[in-house]
Structure formats: C-alpha cells, structure tokens
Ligand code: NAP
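Form predicted on its own, single chain, as structure tokens, below.
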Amino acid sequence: MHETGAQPFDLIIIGAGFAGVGLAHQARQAGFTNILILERSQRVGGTWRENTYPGAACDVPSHLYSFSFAPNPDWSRLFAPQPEILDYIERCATDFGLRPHIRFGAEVVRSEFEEAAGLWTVHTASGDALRTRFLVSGAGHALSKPALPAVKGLDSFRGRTMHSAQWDPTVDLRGKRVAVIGTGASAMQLVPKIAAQASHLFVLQRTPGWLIPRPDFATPEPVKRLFRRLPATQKLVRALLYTYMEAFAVAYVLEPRLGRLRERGCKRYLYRTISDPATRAKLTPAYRIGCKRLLISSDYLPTLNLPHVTLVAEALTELREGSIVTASGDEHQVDVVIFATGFESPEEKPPVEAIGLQGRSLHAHMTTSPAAYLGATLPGFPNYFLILGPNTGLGHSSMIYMMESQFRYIVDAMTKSRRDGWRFADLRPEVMERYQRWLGERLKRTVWNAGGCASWYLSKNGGNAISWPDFTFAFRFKTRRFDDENYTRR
C-alpha cells in the first residue's frame, strides 16, 4: 500500500471503465509501470457495469465502439448488447495485464496538489493518502450520476420506483401496470422489453425525438473467422463505419438545415410504422435533427402500436399512493415507475473534488463555469487531466475515438516530462481563454445551440459545456501531441 511518504506513483487513474483501462494500457506501452487505478466498485466496466436494464446495448456499431488497439473479431451483432461490452472491458483489463494495477473498493473523495513536491495526494474513503506525479479522472463524471426529476409525492408512492441506470432485477414486472418516464436513448431500448411483461405500459414523453431504425444484425460466423484470420479486414470495416458516421457531423457542426433530408427519412419511417394520426403528431419533433440525441430503434415505434401501451405526451407532475399524475391533471393507476430520465450534467455533479494551486477548487470551477482545454486540462491544476471532460460530447460517433485522442495527449505529456525533466506543467490562462472563445464561436452555428430545442446539452444559462463543435478528426489533430508550449513548466 502506498501511503504519504512512500515512493509516488507515476500515474493514478480514477475509474476502471473504458477510460481508465485504455489509458493505463497506453501508459504501460510507453514504459510507465508504476500505475494505479482506483475503482470504487468491485468490478471494472464503468457505464457498462452500472447500466443493466433490459435491452441495454450500444447505439454505436461495436467495431467502432471498442479500442482500435484491441479489436474484437467475435462481436455477436453490429450493435453489441451490454453483457458483451462489459465482458470486452473485463477481458481487456486481463489481457493488458492491468489487474494487479487496480485497487477495487477505493472511492476517491479528494485530491490536492503539493506545489513544492510537484505531486498530487489522493485521499480515499478508507483513509488512504496516495501520492502521484500525474492524476487523471476517468470517472465518467458527465454520464455517471442518474438524474431524478423533482416530482411531488415521490415518497408517498407505495409501488416500486427505480432509475434505468440503477436497475433492480428483483422487481417483477409481469402483469404489472408500469410507467416509464422519459423517451430518450435508454427508453428506446427498455420500453419494448417491458411491454412484453407489463399488463399495461404508460410511456411519458415531454418532447418527441428524431428516430431512425436500428440497422442491427447478427454477425455471421464466416465473417468472424475472416476477421480473426485477416485482421486488416476488420480494420477496413471500422474505417468505413467511422467515415459513414462522421459524414453526419456535417449537418451537426456546419449547417443544421442540411439535416432536412434525414428528417424526411425519419418522418417516412414514422408514417409507415404509426397509423394513428394523433399519435404520429405527438411523435413528430419541431426542431432540427441532432438538436437532441438521435434515437435509434427498430422496435420502439411498433411497441407504441400495441393495445396495452399508452403514449402520454405530457410531463409527470405528481406521484400518489398508487398512481401518477400528468401535467393535464390526468391520473393513471400504476404499480411500478421507471425513470429513464438520463444523467445530471457536469455543472450539477462535477468530478471528484481536486484542490490545485492557490487552493483552487475543481468543484467550484465546474459548478460555476464548466470548461476544460481540449476537455482535459485547466489552469491551476498541474499534471491533472480529465478524460471526456467538458465539450467532448458527440451526437454522431464513438466516444472511444475521443478517449483514444486524449490517451495520446496525456501519455505524450508524461513522456515529455520524463524526457525533459520538468516536474509539472500548468496550462496558461490565456490559452484557456482563447480556446473558450473558439468554442463559443463554433458552438453558435451547431445544431445543439441553433437547432431550436432545449436539451441536456444546454445549461440553465444557455451555455453548452457538453458538445464538441467540430469533426472528431479535428479533435484527434488538436490532441496529436502534448503542446507543452501552452503550459508553464517547472
């Protein structure tokens, strides 16, 4: 056990999800072996360990939603289900030899920087104080805290309630009257599964979303054999998928009106699937495609046609002992309420507290003005990095690609520190200011800011600390090396 006073680590990573596992492997490949991953749970997996609701699966093709340096030729489907993705992360942790570097049941509560020593001290809930030269948060702070609406009467409801990200498998839905609150990405996956069990299902929708069919299919065994024997073929498939999906960013980051052709395709699918005009009207968005997260499902709309499924296009306002009440005052008797209401934004639930130079608080910064240079660093927090920090979110492609870009940036910083002998590097404030101005200008024309909707991407003051306002290859170019000229090195 490394306590204060012991030899410091080269790198401590908070979280053993895709971010922690991938970065640790890349750092070891660069020759850094004194690495520790602190994981509050008892298992690797992050998001894919936590989200176990029925139907949970990736909405990015599996060959793209995986490490480029660890291809999996045996994906069972184009869009892998949650258990398979979790198994992939666990196998990566084992195959990369990372198990000895992971400390499970280690919840980080606070970190603080010692300027004289050039080290971070990381405090865990169990009382450990661990020192490290580089500290990285891979805890997925932007998509790890379930958001529950402030609903009147939540404590008075006598039935069962749960959030989709905190699924309780002991709740038996067979023959029950169930309400699902929310119609986002998670609801697209779980509603059809729940409908097969419930006696009646109410689906509460505040705002309709643009939806396209899910082009999913089982991977034929001959294709798996081809990928195993000729890995270059799988790389080609990955490249083609990346190019195809990146093309959608044109309408997202350059000109939202270019999405009209895709909107027409969504409407055609809606009209083919839903025969009732009133229901179609409820399901037709009044904003540009991509303004809210694009939904992908081939069985959600057909589920709404079932006689025991009711789409309620109103917000939930109250829970009573055995019922829910919507904005119009209508009351529906239910036994189970499932909140598919997404996650809290970074400004509401910032990362684990870190205290930088001159007592600067990461919590205070992220709560008041969430921002980070390249989604990774900020002034006053030397040798501290976020993975998938502010303004790295996508609406069209794989977050693994964004992670790998940041892996390269962080490992290059560690390599240059070792080569050039500087103890720490602190981002120059003027670099941060210049970057934020650039982000602001780019975001103005994106679909998330100009698409005509109010979404999770936008904060209460109208700012956008979520979206990356450019193509993903532009992000890869910006993070191709650690630009130490933009940092004060000591």
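For clarity, every value in this text was computed on a predicted model and none was experimentally measured. One rule holds for the numbers: they count along the sequence shown, beginning at 1.
Omitted here: the form predicted together with the ligand. The next part is about that form.
- Proximity to the ligand in the model of the complex, taken as heavy atoms within 4.5 Å, picks out 182-190 from the listed stretches 276-284, 182-190, 352-360, 154-162.
- At a distance threshold of 4.5 angstroms between non-hydrogen atoms, R206 is in contact with the ligand in the model of the complex.
- At a distance threshold of 4.5 angstroms between non-hydrogen atoms, G105 is out of contact with the ligand in the model of the complex.
- Using a 4.5 angstroms limit between non-hydrogen atoms, G342 touches the ligand in the model of the complex.
- At the 4.5 Å threshold, heavy atoms of A27 stay clear of the ligand in the model of the complex, well away from it.
- Put simply, of V223, L270, A315, I400 only one has a heavy atom within 4.5 Å of the ligand in the model of the complex, and it is A315.
- R293 is the sole member of R293, R177, R133, H365 with a non-hydrogen atom lying within 4.5 angstroms of the ligand in the model of the complex.
- Residues are counted as partner-facing when one of their heavy atoms sits within 4.5 Å of the ligand in the model of the complex; in 46-73 these are Y53, A57, C58, D59, in sequence order.
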